[in-house]
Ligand SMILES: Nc1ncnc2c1ncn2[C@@H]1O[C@H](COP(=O)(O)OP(=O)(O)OP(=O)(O)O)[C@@H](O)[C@H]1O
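Quick heads-up: it's one chain on its own, the form predicted on its own, in structure tokens.
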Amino acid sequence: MYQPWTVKYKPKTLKEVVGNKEAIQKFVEWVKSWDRGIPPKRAAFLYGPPGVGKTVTVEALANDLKMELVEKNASDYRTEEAVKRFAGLASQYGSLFGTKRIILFDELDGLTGTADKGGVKAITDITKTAQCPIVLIANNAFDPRFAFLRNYCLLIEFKKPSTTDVLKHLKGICLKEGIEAEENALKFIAQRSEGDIRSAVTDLQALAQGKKRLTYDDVSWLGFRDRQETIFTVLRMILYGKTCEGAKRAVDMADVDTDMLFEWIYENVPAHLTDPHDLARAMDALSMADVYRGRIRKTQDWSFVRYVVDFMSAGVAMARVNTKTSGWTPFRFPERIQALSRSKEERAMQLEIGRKIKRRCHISATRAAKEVLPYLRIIFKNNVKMAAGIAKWLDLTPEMIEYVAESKEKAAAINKLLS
């Protein structure tokens, strides 16, 4: 059964947490200070970008210190009554088994919506009288809603880990999975994650799972994908959505455009809707979305985009009737987008070579790439000496020579003659 690598390689101890050593040390010292009595600040407020290790730090510390962790997503407890029911008594009394207790309110940002009815006030009241450590986690601790709450908290900032730290973590995963990965491939994934470890691991699994070797070519096309809200979260909300409104809201969360999101959904629907009738309904919805996409391209009437969004989000979500969730099915990168990005790189190389030919033969670069390049390929494959002369005359770079020769061995022989 598939298992997300973010779960499989989730840190179990503080030594395994990536980066933020100073923040972790400050947090550990605060928790241990409870052994000497109740500290001035009864709550620690961990804040920073998503995916940098805030939650896993709390979980790993509880594991290291053998503490009972009482953990809830704060966005699920927005009302005063719900917060007190969850953490009120737990913050006042010890564990039944005599172990120390730590209470975690995760994703506190969720309390800032219109549905919040006293949730922040209730958490503030609990922190004033808590008899055990209270930990709050949010992306932004300086939201105006938290102004009064911050007075009772020790603020601990978690920053984005360095590319080097993320790269080291990815190398460790590849080693355990038996994957031989090129250094520049993993470095590219680490850089693209921008310090979001969870996102980097998700990308690595999507690109490398089932392979024995991961090359730079396998990952370089990721440059065509922007990331603000991870696309996997958006896909999950659509493909496993329970309501039309929730599925449509997911489209607003995505930072990719509508056409790109359509490709992601189209690629992944067959793997996640396994019932034939469900799949047929989903593909019918996508076909209708595609019809309206065509109308937009033809008429430039962008009022049709709302129909595209409705069919490819709510239409797909509501198609799930008989499909049962079994294990974890990974999301796939769109093959059509991957092929397009690779062909774009190839066209760019052809045009550059065409410009070299243009300067010598006085024809357009496009014509040179189309009509002259095929003959150069035959020469470069069969006559190394002549190829070296042509390469010198056209002033081709080593990369261009290898592209024309379509062989690293041939290219090496040509470059040897040139040197």
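For clarity, every value in this text was computed on a predicted model and none was experimentally measured. Numbers for residues come from their place in the sequence shown, where the first is 1.
The form predicted in complex with this ligand exists for this protein as well; it is not shown, and the discussion that follows is about that form.
Heavy atoms of every residue among 6, 52 and 55 are located within 4.5 Å of this ligand in the predicted bound form. Taking a 4.5 Å heavy atom cutoff to this ligand in the predicted bound form, the contact residue among 23, 18, 400, 411 is 18. Proximity to this ligand in the predicted bound form, taken as a non-hydrogen atom within 4.5 angstroms, holds for one residue of 248, 293, 150, 198, which is 198. Note on the interface: of 43 to 51, 359 to 367, 25 to 33, 374 to 382, the segment with non-hydrogen atoms within 4.5 angstroms of this ligand in the predicted bound form is 43 to 51. Contact annotation: residue 139 falls within 4.5 Å of this ligand in the predicted bound form, judged by heavy atom distances. Of the heavy atoms in residue 272, none are within 4.5 Å of this ligand in the predicted bound form. In the predicted bound form, this ligand sits within 4.5 Å of a heavy atom belonging to residue 107. In the predicted bound form, 169 is the single residue of 157 to 177 with at least one heavy atom within 4.5 Å of this ligand.
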